[in-house]
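One chain is shown next in structure tokens, namely the form predicted alone.
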């Protein structure tokens, strides 16, 4: 078995793969139905994965139904584990001594995550990883990535536009695709993936199965697109700094930072000092969001008092500034910010409207 090769199996092989991963000492994190929402949770049994359930997603709308369909993802992303929402940095004892908690992260397999989330991990590798976040690096080195390719993108997905899906091409250990009629295509993406899959006794995929896989890839890619392209997008958005689109959006936006919290790549944080009754204190790192009012507030004033300016900053960071900082877009097209926005604001439409406004202005 070789990296990059394509192998054929059946759905029972997925259960065998799950059990092999567990037998190798990994705890498994994967999709699980919790209170009518598909979350990323600890899995103890393969059957906890809610196959046969579909998540219906639209701007500001999310429902899970048991109709034999396929799910995409819920509000959780791998960021929740690689870059936890709350992290204890150290404790100051009453005698002013400093205690650094021991940070451990067990060998963990992310099982059945989608290609957009894999792409988000690759983006995070260039931020937290390369910038030396020791907590992130410790988590990352103990991570096994098993990706399920997405053959039926959801109503808010636009990963094909961003070049991050709906199929994974690099950065995974194992990728699999359920192509229908109980057949599954497996692809190892690392030496570890090759080693694990070798225990399944898979056979090379047949030509008609490869053709079926290609057909599914093409159809899924057509669905997971926004009404804009990446060509000259950063330059166009910068030309639209004064666009009225942002001011109109601010009339709907609640400034709640939901989009920041569910985004798989947003990395902003705040540091809080929490005093205790015994005279000690904790220093804690927590997620923060650029939509919240206090985010850009400093002792000498406020960088972005207006909500439209904060929303604009977020859009430009994802599609313009991130490229300059890290060489890639900060958006992977997962659509979570659209689904989980209580006001139903559609990022795809915002970008499209700004681009059209700039293009119209340039044609005058």
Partner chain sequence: MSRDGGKVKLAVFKFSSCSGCQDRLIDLGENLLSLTEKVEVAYFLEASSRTDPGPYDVALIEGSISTPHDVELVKEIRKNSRIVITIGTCAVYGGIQALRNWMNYQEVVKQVYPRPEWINSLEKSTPVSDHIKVDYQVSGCPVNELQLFNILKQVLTGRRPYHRLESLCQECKRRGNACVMVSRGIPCLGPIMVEGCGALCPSYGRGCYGCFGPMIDPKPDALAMRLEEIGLPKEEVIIRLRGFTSWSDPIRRFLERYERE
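Numbering follows the first chain given and starts at 1. What you see is a predicted model; the values in this text were computed from it and never measured. Throughout, rigid core stands for the largest set of C-alpha atoms superposing within 1.5 Å between the two forms.
Not on display, but discussed next: the form predicted in complex with the partner chain.
Engineer: Which among 65-73, 322-330, 31-39, 45-53 is in contact with the partner chain in the predicted bound form, heavy atoms within 4.5 angstroms?
Structural biologist: Only one stretch passes the 4.5 Å heavy-atom test: 31-39.
Engineer: Here the chain is shown alone; which of 99, 211, 270, 199 has a heavy atom within 4.5 Å of the partner chain in the predicted bound form?
Structural biologist: Partner contact (heavy atom, 4.5 Å) among the options: 270.
Engineer: Heavy atom within 4.5 Å of the partner chain in the predicted bound form: which of 126, 163, 255, 180?
Structural biologist: The residue in contact is 255.
Engineer: Can we say 261, 286 and 292 each have a non-hydrogen atom within 4.5 Å of the partner chain in the predicted bound form?
Structural biologist: Checking in the predicted bound form: 261, 286 and 292 are all within 4.5 Å of the partner chain.
Engineer: Within a 4.5 Å heavy atom cut-off, is residue 204 in contact with the partner chain in the predicted bound form?
Structural biologist: Outside the cut-off, so no.
Engineer: Is there a non-hydrogen atom of residue 303 within 4.5 angstroms of a non-hydrogen atom of the partner chain in the predicted bound form?
Structural biologist: Residue 303: no, not in contact with the partner chain in the predicted bound form.
Engineer: Give a yes or no for residue 341: in the predicted bound form, does one of its heavy atoms lie within 4.5 Å of a heavy atom belonging to the partner chain?
Structural biologist: Residue 341: contacts the partner chain in the predicted bound form.
Engineer: Looking in the predicted bound form, any heavy atom of residue 310 within 4.5 Å of the partner chain?
Structural biologist: Residue-level check for residue 310: yes, a contact with the partner chain.
Engineer: Select from 74-94 the residues with a non-hydrogen atom within 4.5 Å of the partner chain in the predicted bound form and write them out in sequence order.
Structural biologist: In sequence order, 75, 80, 85 come within 4.5 Å of the partner.
Engineer: Is there a C-alpha shift of 2 Å or more at residue 94 between this form and the one not shown once the rigid core is superposed?
Structural biologist: Shift at residue 94: 2 Å or more after core fit.
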